[in-house]
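What follows is a single chain, given as structure tokens, in the form predicted on its own.
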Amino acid sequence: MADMEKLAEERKKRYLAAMNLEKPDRVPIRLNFSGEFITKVSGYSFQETYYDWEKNVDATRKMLDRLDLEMVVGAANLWWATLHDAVGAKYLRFAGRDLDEETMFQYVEEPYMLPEDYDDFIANPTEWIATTYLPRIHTDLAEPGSYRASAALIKGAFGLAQQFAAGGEATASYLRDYGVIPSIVGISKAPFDTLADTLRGLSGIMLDLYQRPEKVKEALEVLVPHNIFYGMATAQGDTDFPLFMPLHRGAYPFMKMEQWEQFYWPTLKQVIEGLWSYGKRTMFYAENIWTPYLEKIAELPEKSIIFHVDQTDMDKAFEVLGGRFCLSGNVPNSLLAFGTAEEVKDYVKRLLDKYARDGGFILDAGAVILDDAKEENIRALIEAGIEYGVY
């Protein structure tokens, strides 16, 4: 137990040093696995880890038995399908219910928020969500106030509390038994993504940018304090580890530069600055391409983010953001899926030699590691990071 606590402290010290643009003993290795990759390594079916929370947690433990990892996000899957079934969720399809037992979950994107909902949403988003949105996306909540809806609310609330408690216990067990620290604590989103992902959908929000741009701006401003609060609430007061912010519709070329500057960036910047005012750093998880936006991102307060590089031009990111923010990522997911272990090691060596020499760097894949990644390539990435990442 004492040895694991010491190991965890060493890993935390390494992680914090990199985030603060310092040189730790070596480059920290943070791998953001999907539940599906973890499930594959563990030997469970997707259906088992989606529906059985104990197997979901155990899947991560089985992965930690096989791979020498410094940190993990938490239990294998974010999704506990049982909880979503309890309220009749329409927006998710799961293995074993709607899909084959070895098929990754699917999100059913629709404009669940209608154009005529903007005024009510802007006036009181919480009331609109409770009275309109939740009944619209859950069959068991379709008749608010009914016995069925009341029972579903109780089941859903109790289930979510169970999931949060079990997730916390799982994270504590990984630290206690493996010396593994959390890579993130807390989550939030860009206001535009909140509106575009699960409310208006991609087709809806793109029409809105032309047909009702002022309504979009009003709705985004309403979401700023909510997203700051949600980030700090899910972090439960922690300010050591970064908050995870998956960034979706802001990647190039979802929208024109002038649209990005007008609709996406201002409220995202407010959320990140609001979180930083509480001392909470954001993991700016920039999947896909963000090269055109690097100069704007450099406006953020120094050290307030970790800029995660997927397909963004790494040279440009290093030039514009290096020395101001910690950088992470850039090992191509395609290489992890289709390359050889030797090719992975060679890539990691070149990456570290060029971009990690002055500190402020975290080794990771470019994007979330899916089940198509080869386990031997993940092992090669870790081994190369340990061998070539020493300062």
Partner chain sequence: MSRELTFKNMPPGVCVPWEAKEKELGEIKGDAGLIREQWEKLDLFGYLYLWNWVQR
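Keep in mind that this is a model prediction, so the values were computed, not measured. Positions refer to the first chain, counted from 1.
What comes next is about the form predicted in complex with its partner chain, which does not appear here.
task = Could you tell me which stretch in 279-287, 204-212, 294-302, 91-99 has residues with non-hydrogen atoms within 4.5 Å of its partner chain in the predicted bound form?
result = This holds for exactly one stretch, 91-99.
query = Quick one: in the predicted bound form, does every one of T126, Y133 and A161 get a heavy atom within 4.5 Å of its partner chain?
reply = Checked in the predicted bound form: all three residues contact its partner chain.
Touches its partner chain in the predicted bound form: Q270 (any heavy atom, 4.5 Å) = Contact with its partner chain, no.
key: 4.5 Å heavy atom contact, W79 to its partner chain in the predicted bound form   = W79: contacts its partner chain in the predicted bound form.
query = Counting only non-hydrogen atoms and a 4.5 angstroms cut-off, does L321 reach its partner chain in the predicted bound form?
reply = It does not: once its partner chain is placed as it appears in the predicted bound form, L321 has no heavy atom within 4.5 Å of it.
task = Using the partner position in the predicted bound form, report whether H226 sits within 4.5 Å of its partner chain, counting heavy atoms only.
result = Yes - in the predicted bound form, heavy atoms of H226 and its partner chain come within 4.5 Å of each other.
request  = Could you check which residue among L114, M257, A172, A233 gets a heavy atom within 4.5 Å of its partner chain in the predicted bound form?
outcome  = So the residue touching its partner chain in the predicted bound form, by this definition, is A233.
ask   = Taking its partner chain in the predicted bound form as the reference, which of I181, V216, V87, I306 has a non-hydrogen atom within 4.5 Å?
value = It is V87 that has a heavy atom within 4.5 Å of the partner.
ask   = Which residues in 192-210 have a heavy atom within 4.5 Å of its partner chain in the predicted bound form?
value = The stretch touches the partner through T194, D197, T198, L199.
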